[in-house]
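One chain comes next, on its own, written out as structure tokens in the form predicted on its own.
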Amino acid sequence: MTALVSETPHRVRHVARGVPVSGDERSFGAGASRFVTPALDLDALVWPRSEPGPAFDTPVAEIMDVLVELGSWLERDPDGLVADALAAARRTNPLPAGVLTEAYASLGRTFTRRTMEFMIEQELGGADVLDGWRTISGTPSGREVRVRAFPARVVHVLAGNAPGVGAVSLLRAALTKGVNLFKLPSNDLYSTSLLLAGLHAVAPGHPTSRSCSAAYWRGGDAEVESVLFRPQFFDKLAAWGGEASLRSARAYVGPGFELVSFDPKTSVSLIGREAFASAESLRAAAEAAATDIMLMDQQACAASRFQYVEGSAAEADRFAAALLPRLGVARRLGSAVGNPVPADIREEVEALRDLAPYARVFGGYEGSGLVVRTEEPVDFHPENKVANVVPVDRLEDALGRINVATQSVGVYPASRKASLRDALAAAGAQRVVTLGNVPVVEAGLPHDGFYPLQRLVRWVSDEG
């Protein structure tokens, strides 16, 4: 019976300008991971430039109403589509089942009116510039000028490390009113199609729904991407993912076709010597660090991987010992026992076991947490709840490890942030946050060093 189920491929739906499309003309993967998709009809997925997009003149307030209804639909799941998508995702997504379940349960909370209003106010200064032309006075020339955040044509290459990537991408796409084609990632085939199916269900034929398409093709497929990634169809390529994916995307960037890059990032923690003031402060710092490490079982860019501890090697060992049990505690987006540590990391860690006192290893490989204390940061990329603890004499000594690929920096205690944030920003860090607060991601604040809504529109001026 098990063999029969594993040989049945799962169906991945496409969405063509708001309409779900089913089919099994194309097959990908093998065994339990095999899936089929409809034929790739490129003409059906894109919008002719000779026509304005369906939502170009739809008021933002009306779009918000539709998105709020989508959020409610996701939470109620009246047609069972959320449950179906989750069950399918468990077959192909590497995240532990508990984390994936919680991530799907959180999708609806992305689309709250308060969140949308905050985003538009923070990133664009109000909805007026989306709905029409904002008058700019006081120009040096004395002329009256009007500007509009005009809807753009965007193809999104999504990352599959978290279902929330598709949700926040749809949110930004809908609010900016453009036309949007979402490329589904192989490790998250179902969440974005689910969201667009939800739009179709709550507002069939609405301009926002008709402004969205989604499809799967192999990343880097030149036969597809050389046709789609052109200014004939799109203004921008909003690309998430790893370095290889982004290098492929950059090959198509040219005049009239801009890259909006959500680069791969690494996040770290800075733990001040105040952590050793008492047993309680050490416990609090370890708990906060574990919270930041375990975000999406350390699959998210914001999840911390390196812990720079202000103190001696012995104090770093005390912190590592306090941290280990906290990595085995289930959290909203982190599992008590996740996937085992990958074989390549095991090999690296085994080699370090023989290097005491340069290194010490705490924990095992079964997925409940592993802490490696070393004098210098390890060369491998920690993942699956693996933390690298590195002692430093002063937190400022860790600044040399910060660069433009550093996304979130968690700091303990919060009082140390003010003295570090300018230097962290100068070194390239993009987000400074109190340790333990990394998972609280506020839409409407800068993302990877820029405001996404500003980048997902075309700024057009009407002068004189």
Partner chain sequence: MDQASRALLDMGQAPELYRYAPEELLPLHLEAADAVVAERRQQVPILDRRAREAGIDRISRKSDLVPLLFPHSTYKSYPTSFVEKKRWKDLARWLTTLSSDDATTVDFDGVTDEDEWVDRLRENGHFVIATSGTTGKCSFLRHSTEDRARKADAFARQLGWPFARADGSRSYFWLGPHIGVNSAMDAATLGASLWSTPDNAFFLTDERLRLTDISRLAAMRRRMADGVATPGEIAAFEKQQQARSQALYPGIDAFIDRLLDRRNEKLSISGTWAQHLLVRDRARERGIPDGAFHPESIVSAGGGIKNVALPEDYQEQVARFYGDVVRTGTYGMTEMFQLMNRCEKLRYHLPPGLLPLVLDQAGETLLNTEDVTGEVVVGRFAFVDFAITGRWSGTITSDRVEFDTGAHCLCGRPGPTILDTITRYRTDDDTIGCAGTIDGYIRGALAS
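Positions refer to the first chain, counted from 1. As the structure is a prediction and not an experimental result, all values here were calculated from the model.
A second form of this protein, the form predicted together with its partner chain, is not displayed here; the remarks below concern that form.
Peer 1: Please identify the residue among 79, 280, 223, 347 with any heavy atom within 4.5 Å of its partner chain in the predicted complex.
Peer 2: It is 347 that has a heavy atom within 4.5 Å of the partner.
Peer 1: Just give me the single entry in 342, 219, 231, 132 that has a non-hydrogen atom within 4.5 angstroms of its partner chain in the predicted complex.
Peer 2: It is 219 that has a heavy atom within 4.5 Å of the partner.
Peer 1: Work out which of the listed stretches, 268 to 276, 301 to 309, 82 to 90, 196 to 204, brings a heavy atom within 4.5 angstroms of its partner chain in the predicted complex.
Peer 2: It is 301 to 309 that comes within 4.5 Å of the partner.
Peer 1: Can you check whether residue 401 is within 4.5 Å of its partner chain in the predicted complex, heavy atom basis?
Peer 2: Taking the distances in the predicted complex, the answer for residue 401 is yes, it comes within 4.5 Å of its partner chain.
Peer 1: Heavy atom to heavy atom, is residue 187 within 4.5 Å of its partner chain in the predicted complex?
Peer 2: Yes.
Peer 1: Hey, in the predicted complex, is residue 332 touching its partner chain, heavy atoms inside 4.5 Å?
Peer 2: Looking in the predicted complex, residue contacts with its partner chain do not include residue 332, since no heavy atom lies within 4.5 Å.
Peer 1: Find out whether any non-hydrogen atom of residue 414 is located within 4.5 angstroms of its partner chain in the predicted complex, and reply yes or no.
Peer 2: No, residue 414 stays farther than 4.5 Å from its partner chain in the predicted complex.
Peer 1: Note that its partner chain is not shown here; using its position in the predicted complex, name the residues of 149 to 163 with a heavy atom within 4.5 Å of it, in sequence order.
Peer 2: Heavy-atom contacts to its partner chain in the predicted complex: 157, 158, 159, 160, 161.
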